[in-house]
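Just one chain is shown here, as structure tokens, and it is the form predicted on its own.
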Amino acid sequence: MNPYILAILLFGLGLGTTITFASSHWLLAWMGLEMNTLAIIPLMAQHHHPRAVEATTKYFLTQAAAAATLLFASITNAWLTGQWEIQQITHPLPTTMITLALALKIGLAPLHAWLPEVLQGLDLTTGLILSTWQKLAPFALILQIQPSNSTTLIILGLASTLIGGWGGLNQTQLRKILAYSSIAHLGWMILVLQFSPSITLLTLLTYLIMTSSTFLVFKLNKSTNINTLATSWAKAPALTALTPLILLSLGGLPPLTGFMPKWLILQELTKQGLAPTATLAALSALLSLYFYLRLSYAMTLTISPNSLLGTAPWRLPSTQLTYPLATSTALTICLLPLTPAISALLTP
């Protein structure tokens, strides 16, 4: 892609998210979300492959439907209450509609079906943008509206953690596994949203770091399914040794970074008297852990010639920048001891 066009599209992505962050009016927030969607569509369709075009079309249709619902709900709110302010949304009908529209935008279960399909059709770089940056603007809006009925968010959160775990069990394609992983992590964030927004922000931050490092590892190895992952030792032995730690951090095992948000969320849910919800969420984390372990096993515990089917790749020097990968990997593995400091930073 022409670097000037790429720069304009990336600027559009940044500007759309910033407008949504800065807005206090529903129309402006909607406009930021639309800019975000329109800026990523050319990036998704840049490889003129039928699969990419199909993924782009599916993404456009779901995002347009969510944006239309959001606009309809905000107009309904203005009609019922006379308010356009994001903070002043009080009526339960528009609140629920907006929550569901934003859930569709970020891919929360049961409105998640588009996410694995879309991610599977994209290259890993665009997939990384879709899994991280594109979640920020809708999430900022979810954080600002306080739903009158907390049950909605708990149902969305629990459904997402369970479906995110179950859906990934049977997959061999890495991008689909990462899509289900994303659904499960978003479910954890939504579960604790109304009780402690600071823990939700902390979970979002760790999710962004861990997902970035996972995508960058797969991009360096040019891996798109489990079989190609099994031959990555020939390409980057040191990174292959570290990757199971990244994957187990995503699964939430101590003493890695990913344990921190799960621990705090379970603690908060128990404090709020929601022990059954916390138990169900913890059990659903086991489902996710299974497929991360499966990836770890395929990557490091199978030694040639007994590895999974796949030809060893050429050891060609990679053109990918290693600084982002090194930084995100270090943060994915080592942030747990800094939990008190990070929690203090994010607590208002």
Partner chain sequence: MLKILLPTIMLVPTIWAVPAKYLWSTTLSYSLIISLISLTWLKSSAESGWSFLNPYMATDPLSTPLLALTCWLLPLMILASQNHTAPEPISRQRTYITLLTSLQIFLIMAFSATEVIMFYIMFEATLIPTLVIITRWGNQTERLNAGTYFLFYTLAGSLPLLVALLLLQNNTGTLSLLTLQYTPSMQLSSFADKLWWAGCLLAFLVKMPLYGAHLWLPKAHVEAPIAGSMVLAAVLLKLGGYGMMRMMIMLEPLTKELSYPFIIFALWGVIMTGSICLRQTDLKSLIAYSSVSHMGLVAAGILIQTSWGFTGALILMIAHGLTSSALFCLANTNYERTHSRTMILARGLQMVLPLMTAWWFIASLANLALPPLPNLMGELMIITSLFHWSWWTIALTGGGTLITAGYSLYMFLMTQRGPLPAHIISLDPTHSREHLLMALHLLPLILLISKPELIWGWTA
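Note that the structure is a prediction, hence the values are computed from the model and not measured. Numbering follows the first chain given and starts at 1.
The discussion below concerns the form predicted in complex with the partner chain, not included here.
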Three residues, 27, 35 and 38; all within 4.5 Å of the partner chain in the predicted complex via heavy atoms? no
Give a yes/no on whether residue 263 approaches the partner chain to within 4.5 Å in the predicted complex, heavy atoms considered. yes
Is residue 271 a contact residue for the partner chain in the predicted complex, using a 4.5 Å heavy atom cut-off? yes
Flag residue 78 as yes or no: does it have a non-hydrogen atom within 4.5 angstroms of any non-hydrogen atom of the partner chain in the predicted complex? no
Would residue 301 show up as a contact with the partner chain in the predicted complex if we use heavy atoms at 4.5 Å? yes
Report the residue, out of 124, 220, 201, 245, that has at least one non-hydrogen atom within 4.5 angstroms of the partner chain in the predicted complex. 245
Contacting member of 289, 31, 67, 43, with respect to the partner chain in the predicted complex [4.5 Å, heavy atom]: 289
Can you say which of 85-93, 263-271, 222-230, 159-167 gets within 4.5 Å of the partner chain in the predicted complex, counting heavy atoms only? 263-271
Considering only 236-261, what residues come within 4.5 Å of the partner chain in the predicted complex, judged by heavy atoms? 245, 248, 253, 254, 255, 256, 259
